[in-house]
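First, one chain by itself in structure tokens, the form predicted alone.
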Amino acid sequence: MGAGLSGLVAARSLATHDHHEVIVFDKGRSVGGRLATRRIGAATFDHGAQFFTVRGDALAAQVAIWRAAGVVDVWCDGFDQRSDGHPRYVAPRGMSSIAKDVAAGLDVRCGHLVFGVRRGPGGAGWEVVIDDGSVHPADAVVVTCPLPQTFSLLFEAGVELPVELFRDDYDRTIGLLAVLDRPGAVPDPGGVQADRLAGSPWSFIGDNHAKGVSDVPAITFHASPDWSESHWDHDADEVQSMLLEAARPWLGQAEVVESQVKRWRFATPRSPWPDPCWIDATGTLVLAGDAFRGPKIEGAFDSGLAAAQALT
């Protein structure tokens, strides 16, 4: 369950290893999770994950395939003219196109809100209950949604979860998406990280036009976890006004043509589980996702692979 990167990678790997029927359920309208791309008029925004790096062999092998197919490309090797030897990869058609590539050919059912997971008849297997009342039997289940949602789904399952998983929480992120009438003032290569943003609300600023994602000037601003937490319940118009004012130094002579605010409630797990996934005593229920091994794209990718390997 969950059509973010981790869930899709798990499903793809399971389908490749001859599991006869693999179904992915997701409550969203499309795949991707935080591999999220949004269009506002002629502008295109990555409004979740902005880029990713590669450290391990598994993702490196997949990136080679994606690059050959034109799914991803190198944005830069670091910001502020500093290279750390790790290319920052982006998707020219938006980060959601990565998820769409992984999902191709899979049975992915978006717009399906999973209401709960319970034991099957006589305790054999599992049943996945959708909010429309339909029930789908399963030999095994992989759950990749944020942990607070996972606990709710497993309420009737009688699964003993480690107490440490219960205690984990997530940082929130409020994002501002700004369409400009001309290029802004974000320095080359079009990204600014937290170390240059002290004293401002921001944790990252990404110029989608400089990344090659948007045909017109379009900047994604991510507010810091502290700012997002303290302003989470504020009036939406007030938050948008405050963020637009804070964005002014990065606009130069440009004016904002249109803007939207995006809220990520479960943006970043604060204390990721050290293992790539968690497996129940039966070996048929696996928890995975970016709360395991780390919140970065590579962590989610590795977690999805590990979940599939646990069931094969």
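Values in this document were obtained by computation on a predicted structure and should not be read as measured data. Counting begins at 1, following the sequence as shown.
Not on display, but discussed next: the form predicted together with a small molecule.
The stretch that touches the small molecule in the model of the complex, counting heavy atoms within 4.5 Å, is 28 to 36, out of 28 to 36, 61 to 69, 276 to 284, 245 to 253. Put simply, T44 is far from the small molecule in the model of the complex: not one heavy atom of it is within 4.5 Å.
Contact between L14 and the small molecule in the model of the complex is not found at the 4.5 Å heavy atom cutoff. For the chain shown alone, L153 is a contact residue for the small molecule in the model of the complex, at least one non-hydrogen atom being within 4.5 angstroms. In the model of the complex, the small molecule sits beyond 4.5 Å of every heavy atom of H19. With the partner omitted from this view, the residue of V142, C145, I205, V102 that lies near the small molecule in the model of the complex is C145 [heavy atom within 4.5 Å].
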